[in-house]
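Just the one chain here, the form predicted on its own, laid out as structure tokens.
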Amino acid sequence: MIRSVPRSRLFDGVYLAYLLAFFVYLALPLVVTAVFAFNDSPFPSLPWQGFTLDWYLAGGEGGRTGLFHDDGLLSALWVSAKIAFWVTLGSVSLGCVNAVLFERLEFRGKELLYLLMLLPLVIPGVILGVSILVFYSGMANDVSRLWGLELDIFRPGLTLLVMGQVAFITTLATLVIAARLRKFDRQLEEAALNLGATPLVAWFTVTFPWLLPSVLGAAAMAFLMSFENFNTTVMLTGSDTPLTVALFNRLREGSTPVLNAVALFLMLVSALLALTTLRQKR
């Protein structure tokens, strides 16, 4: 809204009510999920039967196994963390290279290449996952049939899953880092070169520190997007099951408060990571 434009009290009241309803709509499912993570009931539903920490700490007593004693969920959590780490490393590294490519260099076909980089953003995750699976699995099958070589890295598994997630998360990391690089004063680099620094030294001592807030922001975004991704992950996962797929499999068997406990744990970790990134930027 433009503050200089006069507004009636009715308009202010309606606008405030809209904002309140919007944020309640966003937050209410999260609040309900968090509350039922502590409900002393085998089902995440009303009526409320008392407060309990069994869904986090129970070790099998009374037929209850909490999150921190559930080997299946903890294993899936570790798998997702490993995937997110490698996806973050690959996406941010490629994002820095792409940012320099599109912001510093001029070459024929640059606009077309930029559009191709943005293409994964408009492709549904399921379609992207299926396309990657069909292409690489078909290539691995052809190589195995013609030359007898087994390219297991191109079959469903952690390697192919990381490659699939990097394919679209790199685009977002590039946009974040390139937006920061666009504001950089290149005279600072030129001054470092005039003082005897090599281009590589100038990059790591002058340019990269300027980009560091955007790099950290892109890394946090890439980690969270990889960790919570389901559409692409479910198509490319192998024997090692990530957390999102494990939760989906558990949910098909019937919802339990353990799933609410996992959701609350992830919400707190995500919020902590976001706050840490904001503090680092400041």
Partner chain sequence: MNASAGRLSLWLLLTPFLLWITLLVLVPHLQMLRVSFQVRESWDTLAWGLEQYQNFFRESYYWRTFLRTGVMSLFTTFLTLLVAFPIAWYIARLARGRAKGLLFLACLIPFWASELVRTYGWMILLRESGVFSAWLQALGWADGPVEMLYNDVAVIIGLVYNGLLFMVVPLVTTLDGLDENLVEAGYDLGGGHLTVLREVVVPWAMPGIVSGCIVVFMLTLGSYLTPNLMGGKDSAWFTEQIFTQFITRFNWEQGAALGVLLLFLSSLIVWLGLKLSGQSLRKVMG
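Residue numbers count along the first chain shown, from 1. Just so it is clear, the model here is predicted, and its values are computed rather than measured.
Although not depicted, the form predicted in complex with its partner chain is the subject of the following passage.
Query raised in the report: Is there a heavy atom of Pro213 no more than 4.5 Å from a heavy atom of its partner chain in the predicted bound form?
Result: So Pro213 does not count as contacting its partner chain.
Requested in this report: Considering only heavy atoms, tell me if Pro120 and its partner chain come within 4.5 Å of each other in the predicted bound form.
Outcome: Output for Pro120 is yes: heavy atoms within 4.5 Å of its partner chain.
Requested in this report: Mark Phe223 yes when one of its heavy atoms lies within 4.5 Å of a heavy atom of its partner chain in the predicted bound form, and no otherwise.
Outcome: Judged by the heavy-atom cut-off of 4.5 Å, Phe223 is well away from its partner chain in the predicted bound form.
Requested in this report: Mark Val97 yes when one of its heavy atoms lies within 4.5 Å of a heavy atom of its partner chain in the predicted bound form, and no otherwise.
Outcome: Contact check for Val97: yes, within 4.5 Å of its partner chain in the predicted bound form.
Query raised in the report: Which residue among Val126, Ile153, Leu149, Leu74 has a heavy atom within 4.5 angstroms of its partner chain in the predicted bound form?
Result: None of the others qualify; the residue that does is Val126.
Query - Contact assignment for its partner chain in the predicted bound form, among Leu89, Leu133, Leu158, Leu181, heavy atom within 4.5 Å - result: Going through each option in turn, the one that passes is Leu133.
Query raised in the report: Quick one: in the predicted bound form, does every one of Val32, Met235 and Ser255 get a heavy atom within 4.5 Å of its partner chain?
Result: Yes, the whole trio is in contact, each within 4.5 Å by some heavy atom.
Requested in this report: Residue by residue through 237 to 256, tell me which have a non-hydrogen atom within 4.5 angstroms of its partner chain in the predicted bound form.
Outcome: Sequence-ordered list: Thr244, Leu247, Phe248, Leu251, Arg252, Ser255, Thr256.
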